[in-house]
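One chain follows as structure tokens, the form predicted on its own.
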Amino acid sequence: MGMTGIEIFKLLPKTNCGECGVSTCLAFAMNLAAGKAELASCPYVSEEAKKILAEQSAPPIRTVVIGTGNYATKVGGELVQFRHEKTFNNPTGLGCVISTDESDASIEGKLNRFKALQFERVGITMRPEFIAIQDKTNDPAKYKAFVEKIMGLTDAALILVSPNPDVMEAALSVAKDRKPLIYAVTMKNGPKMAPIAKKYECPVAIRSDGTLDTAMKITQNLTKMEIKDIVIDTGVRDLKTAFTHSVQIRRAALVDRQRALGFPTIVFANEMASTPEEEAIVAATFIAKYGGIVLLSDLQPHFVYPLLLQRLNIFTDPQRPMTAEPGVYPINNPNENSPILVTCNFSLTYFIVSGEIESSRQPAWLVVKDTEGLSVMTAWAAGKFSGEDVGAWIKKCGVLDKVKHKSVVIPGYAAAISGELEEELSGYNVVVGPREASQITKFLKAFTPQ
């Protein structure tokens, strides 16, 4: 929250009723300032105070939701300029542009590639989210029919692209329930396009004339109409200037608290490059530097997969390790004679180890212990992968009831816990497995539990 506890206290009723869960309004104000309480906990706060506090507590860059269902996508909502300061919150949305003048074969190919681009990485599904439907007909009836056609073929979050208010309204009459992004309001069409955005209650993108001053004027006009879900396109199509604007917008919103620029951005990479390779470079630039949505001319897997992976890396919380759920994982249909292997719950370790076991085609029970997202070596050094703890977890998780043998395999990097683990698991043989996951296949093919 942007206000101090004392500033918040001045807006509270000062009844000290205690109904919020703390004894005084001052204590409640301090909790609000620290983010440890919700304003809704106070039953007597005035509507005026609610409005002021809501504005002050809102992220400096507004969170905008586009689309519905599984493809509802949040953009914006960022709180920091640099990932190491805290984390980035809402990953850059990726998509492609489909135009009304494209052939049926081209449209079918793009939609098929969109649907097929589903990748699993450390337990997370990576995929593009957006289809931008660009009008080249300037005919309301034809564009409406085209939008209906695309809607019947995909559940993607939609971006409707037309500068003509009549064409846009025709499309929204059938697409409004999908909460598409309306692209775009300009200084020229604003008087007609803005009321349409308000009428259909859909998020709206603005397109400036290449300057931030004009972008600010348009967003200010929209906010005066109580249209708050806005996405910014500065209108620039050369990489250097667009990159500069992207950085300036982020800094203006976060550092200077410039509300008129406190919105996510949209980048048309397809209009900034002449080849798919160049488009990928443009997209990679704005995934790294503050693009809210990036659109390509097509979604070729060999270009999109690296972009999705880059996005995953950038928008992963650096202060929170990625983890797998602790438990027992049966791999390759194990039975009572299959070996038991133990590992940590650091996602990358889990997926590498489980993948190697799967590829070996050898049935096994994989026991994943909670190490708070630390790797085996780090967890052992931190005392979170000791023989006592691992033994207690093996007994608790129930895997010993699934087998007849008396063998447990631990990672090679945890060889130091073997003696302590044998004491914890009385009567069991603790086997030190490979240090590297790449050796698991060879190990399993030669190993027979005793």
Partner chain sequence: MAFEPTKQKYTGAIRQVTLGTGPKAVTVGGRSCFPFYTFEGSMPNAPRIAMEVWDKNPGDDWPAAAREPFADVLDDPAAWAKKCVEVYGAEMIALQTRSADPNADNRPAEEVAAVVKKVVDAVDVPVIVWGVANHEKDIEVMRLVAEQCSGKRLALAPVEEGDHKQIGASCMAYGHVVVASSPIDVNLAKQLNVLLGNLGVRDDNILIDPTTGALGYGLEYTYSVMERITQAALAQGDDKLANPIINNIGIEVWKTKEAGQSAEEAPELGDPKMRAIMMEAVTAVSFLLAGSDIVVLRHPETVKLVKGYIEKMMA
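What we label the rigid core is the largest C-alpha set whose atoms superpose within 1.5 Å from one form to the other. All of these numbers come straight from a predicted model, not from anything done at the bench. Numbering follows the first chain given and starts at 1.
Keep in mind that the form predicted in complex with the partner chain is not shown, yet the notes after this line are about it.
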Next item on the list: Please pick, from 85, 104, 177, 101, the one residue with any non-hydrogen atom lying within 4.5 angstroms of the partner chain in the model of the complex.
Entry: 85
Next item on the list: May I ask you to choose, among 325, 277, 271, 201, the residue with a heavy atom within 4.5 Å of the partner chain in the model of the complex?
Entry: 277
Next item on the list: Determine whether any heavy atom of residue 146 comes within 4.5 Å of a heavy atom of the partner chain in the model of the complex, and answer yes or no.
Entry: no
Notebook entry, point to check: in the model of the complex, does residue 89 have a heavy atom within 4.5 Å of the partner chain?
Noted result: no
Next item on the list: Mark residue 346 yes when one of its heavy atoms lies within 4.5 Å of a heavy atom of the partner chain in the model of the complex, and no otherwise.
Entry: yes
Checklist line | Partner proximity in the model of the complex: residue 121 to the partner chain, non-hydrogen atom cutoff 4.5 Å | finding: yes
Item checked: Joint contact, 261, 284 and 301 to the partner chain in the model of the complex, by non-hydrogen atom at 4.5 Å -> yes
Next item on the list: Could you tell me which of 191-199, 92-100, 374-382, 348-356 sits within 4.5 Å of the partner chain in the model of the complex, going by non-hydrogen atoms?
Entry: 348-356
Note to self: Only counting heavy atoms and a 4.5 Å limit, does any residue of 237-275 reach the partner chain in the model of the complex, and if so which ones?
What the structure shows: 239, 240, 243, 244, 247, 248, 251, 252, 255, 256, 258, 261
Check: Comparing between the shown form and the other one on the rigid core: C-alpha of residue 346 shifted by 2 Å or more?
Finding: yes
Notebook entry, point to check: Honestly, after the rigid core fit, is residue 287 moving at least 2 Å at Cα between the shown form and the other one?
Noted result: no
Next item on the list: Superpose the two forms on their rigid core, then report whether the C-alpha of residue 119 is displaced by 2 angstroms or more between the shown form and the other one.
Entry: no
